[in-house]
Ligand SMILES: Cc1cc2nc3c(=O)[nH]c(=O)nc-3n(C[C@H](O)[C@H](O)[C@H](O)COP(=O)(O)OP(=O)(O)OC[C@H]3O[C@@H](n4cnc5c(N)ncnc54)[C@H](O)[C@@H]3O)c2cc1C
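Next comes just one chain, in structure tokens: the form predicted alone.
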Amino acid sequence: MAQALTVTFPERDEVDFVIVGSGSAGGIIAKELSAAGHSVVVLEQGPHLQASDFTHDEWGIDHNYDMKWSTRQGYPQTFRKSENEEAELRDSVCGYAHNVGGSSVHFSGNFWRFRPIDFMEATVRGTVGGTNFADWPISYEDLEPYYTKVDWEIGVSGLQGPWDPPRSREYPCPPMPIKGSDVLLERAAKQLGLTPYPAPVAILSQPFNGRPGCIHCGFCNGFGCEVNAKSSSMIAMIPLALASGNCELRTGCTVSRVHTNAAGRVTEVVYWDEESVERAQRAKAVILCANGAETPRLLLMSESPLFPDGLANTSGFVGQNLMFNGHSSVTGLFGAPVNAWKSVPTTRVVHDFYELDPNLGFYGGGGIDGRHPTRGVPLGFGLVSGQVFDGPSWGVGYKNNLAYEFSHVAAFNGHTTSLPQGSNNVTLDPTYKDKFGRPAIRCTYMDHEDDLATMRWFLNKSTELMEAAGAVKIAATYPETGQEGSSHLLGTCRMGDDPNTSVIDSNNRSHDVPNLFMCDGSTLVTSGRGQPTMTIMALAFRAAEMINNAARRNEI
């Protein structure tokens, strides 16, 4: 593992780049730019955790939000389904992590590439009423080399599948061994004439890049990896950035605004440090990688006479077009143990329905994979046992069911598209503020009717698969009245060629501010099919290359 070279940059001296956020995109861009010789300061809200800090504390993770910002910790979030409603205070709506590496530390590791259709689907499928459905300004072919960089520099395990897009290089690690529950999914899919294949995951199946392979503890989704087998930017990128000697990582830093000068160029980033002292770092350029909720909030908070509606927001698209990705889940009870709780979250996926037939009458598509209904978490299962299959919720019967069902259940989950709508957005809450006095994130969201129809279609198809798998009891659910939160926060500072309908250009540069860049889930134009992190990372490698080249040409 690379050794950190301690460097400290004076706040009143201009560094080449300040990067806000160290997650999936920020960690990569910090590594790439610092390795290229640029001076970089990374501002991260949370702590720099190590593998030894991660535990299997289910109550702490799921109920105390130990790895997420929440209202309980002084970071309120509010939610409403439409602008006609009063937003309600929630514990957590936008479920992002607060630590170096961001949500890549606690993600499930599902790593699907987008396909060529994802980048040009609006042209292929046409207008969808009530949406801002649009093509990307780049293609799959433009991004493919950077997907491959993710495979090999971040660390991905997999096997090229029958429906996968073209790739320039095979996976660096073989796929994970199949779980017992996914054997059932594979058999059922083949029985229905489908083509299941090994799920690609950002978890090492064998030692790679100086890191160990997975120990199959079963605590991936929502938890940090205590052996560093999960390929987060925290372990794969940040150590290399620090080893360059050109990167300073400042933790416990909560950014309040980005300042610009009279010419409309970024000059400094203002933030509170761990002691709640207000500071500011001067910079030649700023890169926002704070996630699809925090990046638009920061831009909206950085209004000025030059930018009265928020920094980089002359289009009015900052915060708009929020996408969550759709989901559904079908749980089956089997007569023998299937042990879905073991190992990584999923080892098989069905992608035959990546694009649904237009003749169905609605837009959509996605994939189905095998899971445990409560992420393999015993406490979570204990809290819902008795509700899934209408059993007793207390007493001897409850205990017996719990002991039996935990190892006898499996879930087939749908992961689906989400359409961009201007009515779905992140804005500043006028009432609630966080402990620093910043306006709370207000999320307004209601799934488009096509998104609901897609989720329902995948629910029905997953039910067919569960029946074919031989489940003796089946329970199915999807958010039929609309989703009310997600960790996928996409589209709120979208990429595009037209400055009137996008926030950044195809090189991740703000249309309005030439030395301001953005790269995270906010910059996605379409949602993909439920697993956006690999695309965010590929975009980060590409953006870093474009930014470095522009800096070399003295164009920033």
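So that there is no doubt, residue numbering starts at 1 and follows the sequence shown. Predicted, not measured: the structure shown is a model, and the values here were computed from it.
Although not depicted, the form predicted in complex with the named molecule is the subject of the following passage.
Trainee: My question is simply whether Asn291 lines the interface with the named molecule in the predicted complex - judged by any non-hydrogen atom within 4.5 Å.
Mentor: Contact with the named molecule, yes.
Trainee: Quick check on Ser70: any heavy atom within 4.5 Å of the named molecule in the predicted complex?
Mentor: Looking in the predicted complex, residue contacts with the named molecule do not include Ser70, since no heavy atom lies within 4.5 Å.
Trainee: Given that the partner is absent here, does Gly95 sit within 4.5 Å of the named molecule in the predicted complex, heavy atoms only?
Mentor: Heavy-atom contact with the named molecule at 4.5 Å: present for Gly95.
Trainee: Flag Gly102 as yes or no: does it have a non-hydrogen atom within 4.5 angstroms of any non-hydrogen atom of the named molecule in the predicted complex?
Mentor: Flag for Gly102 set to yes.
Trainee: Which pick from Ser34, Ser510, Ser527, Gln45 sits with a heavy atom within 4.5 Å of the named molecule in the predicted complex?
Mentor: Residue within 4.5 Å of the partner: Gln45.
Trainee: Which of these stretches, 331 to 339, 167 to 175, 182 to 190, 482 to 490, has heavy atoms within 4.5 Å of the named molecule in the predicted complex?
Mentor: Stretch with heavy atoms near the partner: 482 to 490.
Trainee: Though the partner is not shown here, which residues of 7 to 25 have a heavy atom within 4.5 Å of the named molecule in the predicted complex?
Mentor: Heavy-atom contacts within 4.5 Å come from Val20, Gly21, Ser22, Gly23, Ser24, Ala25.
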